[in-house]
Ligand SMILES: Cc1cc2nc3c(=O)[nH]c(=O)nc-3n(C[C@H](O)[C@H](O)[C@H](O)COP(=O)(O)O)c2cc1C
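Just the one chain here, laid out as structure tokens, in the form predicted on its own.
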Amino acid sequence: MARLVQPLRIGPHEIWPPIILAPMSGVTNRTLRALYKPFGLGLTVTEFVSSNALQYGSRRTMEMIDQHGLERPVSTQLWGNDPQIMACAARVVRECGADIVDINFGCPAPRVTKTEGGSACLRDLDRCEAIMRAVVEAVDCPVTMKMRLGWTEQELVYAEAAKRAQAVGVLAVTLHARTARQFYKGSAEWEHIAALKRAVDIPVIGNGDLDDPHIAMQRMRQSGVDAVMLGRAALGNPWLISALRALMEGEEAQPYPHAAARLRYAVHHYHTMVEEWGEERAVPQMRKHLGYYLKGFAGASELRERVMRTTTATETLALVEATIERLEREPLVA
């Protein structure tokens, strides 16, 4: 069947489908990106990385920008408040294989904003512009930018920020349609994303409250955006990605798998994490991932609490496997 949307084009990259996995701290490592890519992601983004930390080449920071190669094209997202340090960081991640460099003007987390990084930059558009210009001039690959509506509801600066981005050579912008002060409360205001699409000529990517494939398609059509970015809703539910891809290709979205099948994929995710990162690091990291997978069936809350107290992979997987066996005997899908 004919595609219902066009590929996203960012510089030399034709991205199909125009579905992007959002950068999420402590979540979108190389393992998750490689596991979720086959579900239908056109582009994946690394965890957001401190430009200051990259100066020191710490092992943890370098792991955050590491790739499998399976998930390409890959965008590496940087945050910081100094144009020259951001430019240096952009050169580093480009040398390490980033296909696209993305600038973070969207993160509302206090650990980022207290140093005037992330969404706090939106309080000073001159500095935003200086950062974007410095990064564009530093690398030979496309530069993109992600932002919020503004710092507060009284300071909606997204349109001006995007116009400045376009003027200095940024090739696409992503808008999470909440303010920094909102964090993740309330609803994303997609009318602002539609307004941004009308305000600039470069591609616009919409982000916020895309937890249903049909709603995502509807918002894409109504706003006119060139792509959508999926965040928290895709965690533990990569089948959201495949359902949305099907709709984009003019096909019917398949129902999500039943709870036992979802947990079997979670077990695969767990084994992959242990293999790649070692048990000592994988066990605590996988607690939050299992929390995402453990939704929507009877007994999920109790199991989640028990999993949070386990300390070994064997103990954790035994709990999950026992739950899978119970669900296969007595399927209880929400």
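Residue numbers here begin at 1 and follow the sequence given. These numbers were taken from a predicted model, which means no experiment stands behind them.
The protein also exists as the form predicted in complex with the named molecule; that form is not presented, and the subsequent description refers to it.
The partner is absent here; in the model of the complex, the one residue of G208, P213, G117, G150 having a heavy atom within 4.5 Å of the named molecule is G208. The stretch in contact with the named molecule in the model of the complex, judged by heavy atoms within 4.5 Å, is 231 to 239, chosen from 231 to 239, 259 to 267, 125 to 133, 89 to 97. For N104, a non-hydrogen atom is located within 4.5 Å of the named molecule in the model of the complex, even though that partner is not displayed. Using a 4.5 Å cutoff between non-hydrogen atoms, A22 counts as a contact of the named molecule in the model of the complex.
Shown alone here, Y293 lies farther than 4.5 Å from the named molecule in the model of the complex, counting heavy atoms only. The shortest heavy atom separation between V27 and the named molecule in the model of the complex is within 4.5 Å. Residues E47, F48, Q77 are the ones in 45 to 79 with at least one heavy atom within 4.5 Å of the named molecule in the model of the complex, listed in sequence order.
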